[in-house]
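Take a look at this single chain in structure tokens; it is the form predicted alone.
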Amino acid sequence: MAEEAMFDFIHMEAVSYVFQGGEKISEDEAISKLEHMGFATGYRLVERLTRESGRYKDELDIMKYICKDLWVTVYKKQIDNLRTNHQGVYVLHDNRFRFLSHMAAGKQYLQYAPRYLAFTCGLVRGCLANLGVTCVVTAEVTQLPACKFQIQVQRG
């Protein structure tokens, strides 16, 4: 329980530091910084977590790993729903995303949600990059604290 609180506080401080730190940067640059921090973390984390496991047989197995094992390790719950069009687009639904649950329900804080999702977008992208899947990860929030992470696999 204590490590969960520490992770939440570190994440909130990282967001606060990037957005209100000493250097003046745009919203997009700040979000990009958080996404990069998440990418580096995810790349290293998945290396440790999958050290003992065998190779995944296909892309869908990798996505299932992200939704179950990785999400439980990082966020202490599984993804609520995984959808795919079987053409390289995956949508992960989290009905009570940990980093948004501290915000009031409703739409008044919706504009700040991307700040709290950027790290996780990078984390997922970093994990997938280390597992051999090149992709773009975006997040969408329509009602707090639920969110969707869309993964667009880059083929070619």
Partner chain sequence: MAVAGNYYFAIVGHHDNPMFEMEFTPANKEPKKEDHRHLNQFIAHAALDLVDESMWTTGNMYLRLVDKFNEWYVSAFVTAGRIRLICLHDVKNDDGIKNFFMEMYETYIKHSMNPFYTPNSPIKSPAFEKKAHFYGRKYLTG
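Residue numbers count along the first chain shown, from 1. All figures in this text were calculated on a predicted structure; none of them were measured in a lab. Whichever C-alpha set is largest while still superposing within 1.5 Å between the two forms counts as the rigid core.
Note that the form predicted together with its partner chain isn't included here; everything after this is about it.
*Asks:* Can you tell me whether residue 47 touches its partner chain? I mean in the predicted complex, with a 4.5 angstroms heavy atom cut-off.
*Replies:* Residue 47: contacts its partner chain in the predicted complex.
*Asks:* Taking 4.5 angstroms as the cut-off for heavy atoms, does residue 102 touch its partner chain in the predicted complex?
*Replies:* Contact check for residue 102: no, nothing within 4.5 Å of its partner chain in the predicted complex.
*Asks:* Find out whether any non-hydrogen atom of residue 131 is located within 4.5 angstroms of its partner chain in the predicted complex, and reply yes or no.
*Replies:* Result yes; residue 131 sits at the interface with its partner chain in the predicted complex.
*Asks:* Does at least one non-hydrogen atom of residue 96 fall within 4.5 angstroms of its partner chain in the predicted complex?
*Replies:* Output for residue 96 is no: heavy atoms all beyond 4.5 Å of its partner chain.
*Asks:* Heavy atoms within 4.5 Å of its partner chain in the predicted complex is the criterion; list the residues of 29-62 that meet it.
*Replies:* Those in contact are 43, 44, 47, 48, 50, 51, 54, 55, 57.
*Asks:* Take the rigid core as the frame of reference and indicate whether the C-alpha of residue 58 shifts by 2 Å or more between the shown form and the other one.
*Replies:* Comparing forms between the shown form and the other one, the residue 58 CA shifts below 2 Å.
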